[in-house]
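One chain is shown next in structure tokens, namely the form predicted alone.
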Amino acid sequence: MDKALYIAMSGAKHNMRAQTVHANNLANVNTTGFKADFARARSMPIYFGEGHPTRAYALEEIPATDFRQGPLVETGRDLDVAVEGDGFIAVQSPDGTEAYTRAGSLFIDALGMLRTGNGLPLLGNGGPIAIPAADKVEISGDGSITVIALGQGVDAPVQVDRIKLVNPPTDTIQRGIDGLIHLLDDEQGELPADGNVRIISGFVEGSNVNAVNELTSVMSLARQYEMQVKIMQTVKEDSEASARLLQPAS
């Protein structure tokens, strides 16, 4: 019975963790550039001990992220950009290292730094991008940033920097606890810019979360969790019944 209890416990633990993943996906259904996470597990036969492997337990796989593109939402705002197809925008993470995102709702802070909507500096050719005071700022498809300085005419545009765009293989990256994309191998350092990655101005990329699928997954996992708990309760009842049978008659 202890084996049945262990198997039910491992299944319930996986169900709880999977529910957390799907609940987080649902919570970010309206988050710009968010990519849904997968919750994966598979049954593993138990080969330890004597006898045949007639039992199995839930083994959690390495978490993965769905990097498929989300819908493009037109905003008409000059500083909103969305990556078309594969690729990421390079930003400076809170710990100072290079990280990547698809969230392209940008703004210029009081010091002239170009930042993402959550305040992270965008990286350009030589580090964080600084934008001089300008009447107009435009971002082209290759990430080039052109400004028209204050008091200058439309005939005097100046290119000030170029947003770093990268396109690493998806099997070399993962989402970090900060919500940004990082390289799996920290020793790989920083990725080179990829001139083939294109962005479109005036749009942002919506979340690629399918709300219906996530909701049904949460409901299904809840039922599975209840089943695992019921098995544990049944094991407890059987154990108590066995103990009563073994008690000596008074």
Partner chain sequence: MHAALYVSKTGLAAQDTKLTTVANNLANASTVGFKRDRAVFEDLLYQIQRQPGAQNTEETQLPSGLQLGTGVRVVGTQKQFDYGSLQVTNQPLDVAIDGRGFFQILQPDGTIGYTRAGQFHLSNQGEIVDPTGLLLQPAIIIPDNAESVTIGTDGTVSARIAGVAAPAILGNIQTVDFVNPAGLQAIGGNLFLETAASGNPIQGIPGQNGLGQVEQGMLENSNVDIVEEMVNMITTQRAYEMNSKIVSTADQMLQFVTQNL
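What we label the rigid core is the largest C-alpha set whose atoms superpose within 1.5 Å from one form to the other. Numbering follows the first chain given and starts at 1. Because the structure is predicted, anything quoted here is derived from the model rather than measured.
Beyond what is shown, the protein has a form predicted together with the partner chain; the following relates to that form.
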message: Looking at heavy atoms inside 4.5 Å, which stretch does the partner chain contact in the predicted bound form, given the options 138-146, 77-85, 156-164, 121-129?
response: 77-85
message: Residue-level question: is S201 within 4.5 Å of the partner chain in the predicted bound form, judged on heavy atoms?
response: no
- request: Give a yes/no on whether T20 approaches the partner chain to within 4.5 Å in the predicted bound form, heavy atoms considered.
  value: yes
Contact test in the predicted bound form: E60 vs the partner chain, heavy atoms, 4.5 Å: yes
task: Answer with yes or no whether S105 is in contact with the partner chain in the predicted bound form, where contact means some heavy atom within 4.5 Å.
output: yes
message: Check for me whether the partner chain, as it appears in the predicted bound form, comes within 4.5 angstroms of all of A4, R68 and V91 - heavy atoms only.
response: no
query: What residues in 33-49 sit within 4.5 Å of the partner chain in the predicted bound form, counting heavy atoms only?
result: F34, D37, R40, R42
- prompt: Is F203 one of the residues whose Cα moves 2 Å or more between the shown form and the other one, with the core superposed?
  reply: no
query: Once the two forms are fit on the core, has M232 moved its CA by at least 2 Å between the shown form and the other one?
result: yes
